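Form predicted on its own, single chain, as structure tokens, below.
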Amino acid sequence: MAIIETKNLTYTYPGATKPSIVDVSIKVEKGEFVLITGPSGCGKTTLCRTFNGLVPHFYQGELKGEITVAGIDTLKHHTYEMAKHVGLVFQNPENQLFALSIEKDVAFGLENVGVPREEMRRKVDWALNQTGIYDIRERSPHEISGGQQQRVAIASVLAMEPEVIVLDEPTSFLDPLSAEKIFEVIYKLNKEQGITVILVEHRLDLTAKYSNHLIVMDHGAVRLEGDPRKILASEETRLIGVGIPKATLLYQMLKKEGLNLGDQTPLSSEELADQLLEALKPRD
């Protein structure tokens, strides 16, 4: 059974003249690492807000169609109920951090739902360790780096032990190296804990290699969905304006020049390097 399923989902913000998402029908299986991409203003963020009920319960507006998350109809359950199943990490971590210490921020959601103290301690410590910030747990979230702040935001969501984590361009304020470290943390959680990850991101050079399900949106609609390797190799994806990974583009150029690199489209420079080494090996 899909952990997230939408059928003909269409949503219009209050006062808007046209919908932000149109007829979106997708299925996300449990444990998948889903990457949602597309040009600015294509509806990625709005779609993510439907997964935890922010749309329509907080933003109001008109939502048509169907959506279930972890078997729950989000239209009939409020955001605080959905928070037990879906964690949302925002673009700017400062929007999520407000306590005097990191561990208090991570404990905030658990306190709100009345988790007993000993259990809270265990969950907070686990979340801090998973994100590599246990050693700085007593520091203020406002005196640490942007990368560390984003780890705190992820830890505060993790402590709730959701089945799904949705991250909306979580590294847009970070340099590529700090971003890479955050994506490694997210990938590890997906692989080791089986948490379903939905990542909204336009920097595909950094993220395509982690995903096993790609959704490309444009003008509020899902244009392409499925295997990242197939989609990123297609001309249609490039024409939509998606930033194809450089390794994928170079692979296509080299194949046109007649170099036999195999049939698997690379999503990262590491994969392309391996294919090049194999192709250039001396043959007996």
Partner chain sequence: MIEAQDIRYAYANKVEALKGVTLTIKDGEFVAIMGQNGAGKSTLVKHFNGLLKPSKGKVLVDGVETTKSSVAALARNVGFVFQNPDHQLFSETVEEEIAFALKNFGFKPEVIEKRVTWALNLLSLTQYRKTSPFLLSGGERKRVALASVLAWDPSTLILDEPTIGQDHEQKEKLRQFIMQMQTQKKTVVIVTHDVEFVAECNPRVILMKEGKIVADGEGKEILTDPALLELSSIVLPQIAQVFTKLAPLGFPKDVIDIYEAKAAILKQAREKGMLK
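Residue numbers count along the first chain shown, from 1. This structure is a prediction, so every number in the text was calculated from the model and none was measured.
Below, we turn to the form predicted together with its partner chain, even though it does not appear here.
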Interface stretch in the predicted bound form with its partner chain - options 228 to 236, 60 to 68, 39 to 47, 23 to 31, non-hydrogen atom within 4.5 Å: 39 to 47
Spell it out for me: taking its partner chain in the predicted bound form, does every residue among Leu174, Glu257 and Pro282 have a heavy atom no farther than 4.5 Å from it? yes
Tell me, yes or no, whether Thr12 is in contact with its partner chain in the predicted bound form, where a contact means a heavy atom of each within 4.5 Å. no
Could you tell me if Ile240 has a non-hydrogen atom within 4.5 Å of its partner chain in the predicted bound form? yes
In the predicted bound form, is there a heavy atom of its partner chain that lies within 4.5 Å of any heavy atom of Ala16, even though the partner is absent here? no
Taking its partner chain as it sits in the predicted bound form, is Leu277 in contact with it (heavy atom to heavy atom, 4.5 Å or less)? yes
May I ask you to list the residues of 243 to 277 that have any heavy atom within 4.5 angstroms of its partner chain in the predicted bound form, in sequence order? Gly243, Pro245, Lys246, Ala247, Leu249, Leu250, Met253, Leu254, Glu257, Gly258, Leu259, Leu267, Ser268, Ser269, Glu270, Leu272, Ala273, Leu276, Leu277
